[in-house]
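Before any questions on how it binds or moves, here is one chain, the form predicted alone, in structure tokens.
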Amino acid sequence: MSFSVHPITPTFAAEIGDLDLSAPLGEAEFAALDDAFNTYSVLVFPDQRLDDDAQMAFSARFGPLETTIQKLRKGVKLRVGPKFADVSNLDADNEILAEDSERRHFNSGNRLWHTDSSFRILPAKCSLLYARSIPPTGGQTEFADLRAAYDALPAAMKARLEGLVAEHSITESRAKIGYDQFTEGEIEALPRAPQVVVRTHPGSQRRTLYLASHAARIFGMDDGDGKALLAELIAHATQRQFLYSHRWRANDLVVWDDRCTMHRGLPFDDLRYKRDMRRTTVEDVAPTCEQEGIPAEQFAAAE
């Protein structure tokens, strides 16, 4: 193995040293990196010099790349390519978004605990976020270890959660911040998605919670009871002992596993400082219900 692994905690989050991601990785080298990814869930690659092509090329080693949902939004002018989620406070002309900007309001939903693309029928496997420029203070990203959070649940709760399926939707998470500007066409393009509440992580074979602010209800439960259970699980999973907080440095690339983590961005003075960050997102291999052997058709019929 030509790179070094520096765990931040024994089982969650690690820094990777002695690796230049702008150059192609050999098969054995990537396999060793994938092993580290399956162990630590969050990998930090400091001081990388990546253009968009290099970031996409490295990301594609993990699987097919998603197209950003902003491509589906009416009237949105993309600042970066369609394979990037623009996690920035910049408009198409690289100027700071106005205080009353629709996109600024939409992006504030990233401050809720969430899992990328859990609102898609085919959710995300992993995300890769690259920091081109960062504010001098604030703007950290917090990550929650959902495998450790599952392990810490009482046996009775684990039994209660087996086989439960939640409905995820981008409109749900944005409603929580008061955003309601989706068109009918946008809602049709992003239908609500059934996702299991507990799944087996394929890389480590550990059981893990699968949660997000996008989760609206649990099928087969009273809506109020389902929302209360989801809120209880998110509160449990985001206790201090399950978290890693990343303080960004310019040229950091952070890769996280969307199958077994949640994350949220912390505020910064986004009307004063420019923040240019670009995320590539890799598709999972199949919907979560399919991976857990649960027929999803029954949940489509429950609409």
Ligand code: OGA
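One-based numbering along the sequence shown. Because the structure is predicted, anything quoted here is derived from the model rather than measured.
Form predicted together with N-oxalylglycine: not shown, discussed below.
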Only one of 179-187, 221-229, 111-119, 156-164 has residues with a heavy atom within 4.5 Å of N-oxalylglycine in the predicted bound form, and that stretch is 111-119
Using a 4.5 angstroms cut-off on non-hydrogen atoms, would Q140 count as touching N-oxalylglycine in the predicted bound form? yes
**Prompt:** Quick one: does V80 come within 4.5 Å of N-oxalylglycine in the predicted bound form, counting heavy atoms only?
**Reply:** no
*Do R275 and N-oxalylglycine share at least one heavy atom pair within 4.5 Å in the predicted bound form?*
yes
Review point. Contact between H263 and N-oxalylglycine in the predicted bound form at 4.5 Å, heavy atoms?
Key: yes
Among A144, C126, L129, L233, just one has a heavy atom within 4.5 Å of N-oxalylglycine in the predicted bound form, namely L129
The listed residue (L72, L97, A216, V87) that reaches within 4.5 Å of N-oxalylglycine in the predicted bound form by any heavy atom is V87
Across 236-258, the residues having a non-hydrogen atom within 4.5 Å of N-oxalylglycine in the predicted bound form turn out to be W256
